[in-house]
Ligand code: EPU
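To begin, one chain is listed below as structure tokens, in the form predicted alone.
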Amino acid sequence: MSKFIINGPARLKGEIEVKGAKNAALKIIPAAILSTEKITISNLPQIEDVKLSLALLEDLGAKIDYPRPGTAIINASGINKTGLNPALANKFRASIMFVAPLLARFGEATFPHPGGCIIGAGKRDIDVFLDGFAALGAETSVKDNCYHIKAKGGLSGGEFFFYKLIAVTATESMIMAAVLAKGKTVLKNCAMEPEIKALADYLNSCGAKISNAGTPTITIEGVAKISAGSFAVMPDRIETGSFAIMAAATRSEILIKNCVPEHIRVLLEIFKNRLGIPFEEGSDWIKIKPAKKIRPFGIKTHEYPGFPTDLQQPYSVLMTQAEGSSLIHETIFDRRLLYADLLSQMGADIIMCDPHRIVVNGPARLCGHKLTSPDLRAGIALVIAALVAEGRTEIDNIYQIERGYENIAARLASLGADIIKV
């Protein structure tokens, strides 16, 4: 198994370019199923989850050409089955996104429980998807450890309120299900992430009739078919925020290019108004500068445009270097604070209040340690901690990190980090 070996502390300097958004790429790939025409997707991040998603699409019968790195031309006209291969679908959470377009186009889909990070015991189940599909006329049965969803005569428009949680993937899934449904669908209490609007804008450019994506209430008028076109994956806002926090924690000067500063506005406002982290920004770049002193500030995760749950772990590392105490409150996923014990092993002063809250006391002298990455976002937090820490850190199970960050070791090495993959 591969691992990272990192020697710290690091003072980084230079430029780093943000790759395409994982959470946008993993939705546009299955969206190709909705049309029998070719779609060209560019700026695809070359990460494990994207590779798995493309492989799953090919397994269904789609043809994919790769004219250059980061670009895929998909022809889904030849899809000849509606069952997801468990050997692929079990490996990543986003495999659930294939269900809606299969259901919309073919009237049925069979799939195992999706894989991915083992977090959120109560919030990563798929009840919200099944309930949403039922609102459009689909019925679900379970056989041989697989779900089988079928809509006799096709899906029909309906109304669905996201009652359990404001779910990004479920909102996107319901949009795709409703695009080819008969009649009008109204979705309420929707997630508002920029990736949702990007997906809707693309589908509308192909003939779909989606209104108000990016707001709490979305309306979809079903159409008989849609065409296909070109989709450029937006810059990854979580990668942008991760690099900004990395620069702040290591007191480095880093220019982050090919990003959308507005997508991490909440973090930048905290930098400016609370932490004292100096930075400059333009339309597509952010330059983080070293802070003489990092002030403490607690955060509470919230759906977009609030503080992202996917930046909570890196932010906690930053707070180990702040001068004071910070309360970190995770409200989105259960069990997402368990990584705090790994930071404690490195010397962090962290108090676990309950499963949803920790207090981080700083500044702490972090020391290198042998660690195992428990999941994607905790993994990048450990990388940041290793860059702050004194001495050698070994991080195992980096498969989890590379699921979301393309070629991260080489990119950080270009900034001066002492990091190798072995």
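Remember, it's a predicted structure, so these values are computed and weren't measured experimentally. Numbers for residues come from their place in the sequence shown, where the first is 1.
One more form of this protein should be noted, the form predicted together with the ligand, which is absent from this view; the next part is about it.
Q: Phe98, Leu203 and Lys209: each with a heavy atom within 4.5 Å of the ligand in the model of the complex?
A: Checking in the model of the complex: none of Phe98, Leu203 and Lys209 is within 4.5 Å of the ligand.
Q: Just one of 145-153, 321-329, 163-171, 98-106 has residues with a heavy atom within 4.5 Å of the ligand in the model of the complex, so point it out.
A: Contact criterion met by 163-171 only.
Q: Looking at Met192, Val128, Val186, Val223, which is the one with a non-hydrogen atom within 4.5 Å of the ligand in the model of the complex?
A: Exactly one listed residue reaches within 4.5 Å, namely Val128.
Q: Can you work out which of Phe333, Phe271, Phe111, Tyr339 has a heavy atom no more than 4.5 Å from the ligand in the model of the complex?
A: Contact residue from the list: Phe333.
Q: Check Thr71 for me: does it contact the ligand in the model of the complex (non-hydrogen atoms, 4.5 angstroms)?
A: Close contact is absent here: in the model of the complex, Thr71 is far from the ligand, nothing within 4.5 Å, heavy atoms only.
Q: Would Ala94 show up as a contact with the ligand in the model of the complex if we use heavy atoms at 4.5 Å?
A: Contact with the ligand, yes.
Q: Taking the shortest heavy atom distance, is Ile33 within 4.5 Å of the ligand in the model of the complex?
A: So Ile33 does not count as contacting the ligand.
Q: Going by a heavy atom distance of 4.5 Å, is Leu376 a contact of the ligand in the model of the complex?
A: Within the cut-off, so yes.
Q: Going by the ligand in the model of the complex, which residues of 261-282 come within 4.5 Å of it through any heavy atom?
A: Residues within 4.5 Å: none in this stretch.
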